[in-house]
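One chain is shown next in structure tokens, namely the form predicted alone.
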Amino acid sequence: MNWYEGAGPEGDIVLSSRVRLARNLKEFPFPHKLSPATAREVADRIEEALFSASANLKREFASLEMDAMEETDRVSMVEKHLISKEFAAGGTGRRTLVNRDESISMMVNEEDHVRIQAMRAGFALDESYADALRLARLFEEKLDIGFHPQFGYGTACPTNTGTGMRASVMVHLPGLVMTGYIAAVVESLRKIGFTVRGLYGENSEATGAIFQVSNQITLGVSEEETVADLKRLVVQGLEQERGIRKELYRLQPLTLEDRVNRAYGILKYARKISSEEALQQLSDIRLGVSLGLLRNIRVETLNRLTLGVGPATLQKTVGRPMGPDERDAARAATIRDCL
């Protein structure tokens, strides 16, 4: 079972927790300055460091050359948050190391030599951090990683220098969106060093009231402080969102029940549906499940559908290329089957 097929702690609001650590080999330029031959050498060294650590790791992780993969496979990895959109474009020496349940992935020769990413379902930042840190330490034992005693880990982009860490949670906030409070929350987070993005990260929209909240500050703070600060903010956000949901239902029960049941009816009986509309209707159903208005649907099902209705992932599931209309029909059929 893949990581995103579970619910996890606080799963009514928190879809996932992620920690990403950027590391670079001291003796090589950053990836954008590497020749094709040297990029391959860097990738080989990183892969060898991982696979030589233990036989278990070699069995657990697959090594994927971006240039050797079909475009649909690469885009599907973006939709499942395994790699960035820029990395999916490919390039010599670009390689992904990913484990069986896709909870840990490593982009080799993206912006940095290696970006270690660990993801868990629900509110599990400590566990995600522990997973990522384990691999970071493995690389530091086997490779000469660039580190400065005052400035921390060297990174290609100065905004990551220091810890090289991006810790984030993916949260469902329909209450804040419906009441219009989300704009003030986003601005408040920005002022204290956190950023809020959409479902697919930077430059993406918050489709289906799903947001990614992550740290911006990496210099002058420790990794542990970053995780603790984000956890504290999420706990506050959980309380606020749950309070708003209950108040909305208290004030307008029929309106909310109508919205939730209309969404369920559309997804249960639609014969064609776009990915954007599917995400919006799944958002309303997720709200209904959290309020106890729909009792026959599991959060795990909604998580699986949220990451599984993208065009590329859908085509991989069906097993063949499809045009837009055919994808919309296949998406509707997939959702009907799950519900």
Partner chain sequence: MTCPSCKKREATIHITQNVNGKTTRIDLCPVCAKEQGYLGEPDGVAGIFAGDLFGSGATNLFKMAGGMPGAASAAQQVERCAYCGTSFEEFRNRGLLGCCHCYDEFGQRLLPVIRRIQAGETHVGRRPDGAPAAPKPEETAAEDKKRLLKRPVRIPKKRPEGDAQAADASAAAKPPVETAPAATAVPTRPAATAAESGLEALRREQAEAVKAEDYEKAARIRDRIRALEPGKEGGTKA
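Keep in mind that what you see is a predicted model, and the values were worked out from it rather than measured. Residue numbers count along the first chain shown, from 1.
One more form of this protein, predicted in complex with the partner chain, exists but is not displayed; see below.
Contact annotation: Leu97 falls outside 4.5 Å of the partner chain in the model of the complex, judged by heavy atom distances. Among residues of the shown chain, Asp73 is not one whose heavy atoms approach the partner chain to within 4.5 Å in the model of the complex.
Under a 4.5 angstroms non-hydrogen atom cutoff, the partner chain in the model of the complex has Lys33 among its neighbouring residues. For the chain shown alone, Gln240 is a contact residue for the partner chain in the model of the complex, at least one non-hydrogen atom being within 4.5 angstroms. Three-residue candidate spot Arg197, Glu277 and Gly323; no residue lies within 4.5 angstroms of the partner chain in the model of the complex by any non-hydrogen atom. Residues of just one listed stretch (240 to 248, 98 to 106, 76 to 84, 120 to 128) have heavy atoms within 4.5 Å of the partner chain in the model of the complex: 240 to 248.
The contact with the partner chain in the model of the complex, taken as any heavy atom within 4.5 Å, belongs to Lys26 out of Lys26, Arg59, Arg271, Arg295. In the model of the complex, the residues of 143 to 168 lying within 4.5 Å of the partner chain by at least one heavy atom are, in order, Gly146, Phe147, His148, Pro149, Gln150, Phe151, Gly152, Tyr153, Gly154, Thr155, Ala156, Cys157, Pro158, Thr159, Asn160, Thr161, Gly162, Thr163.
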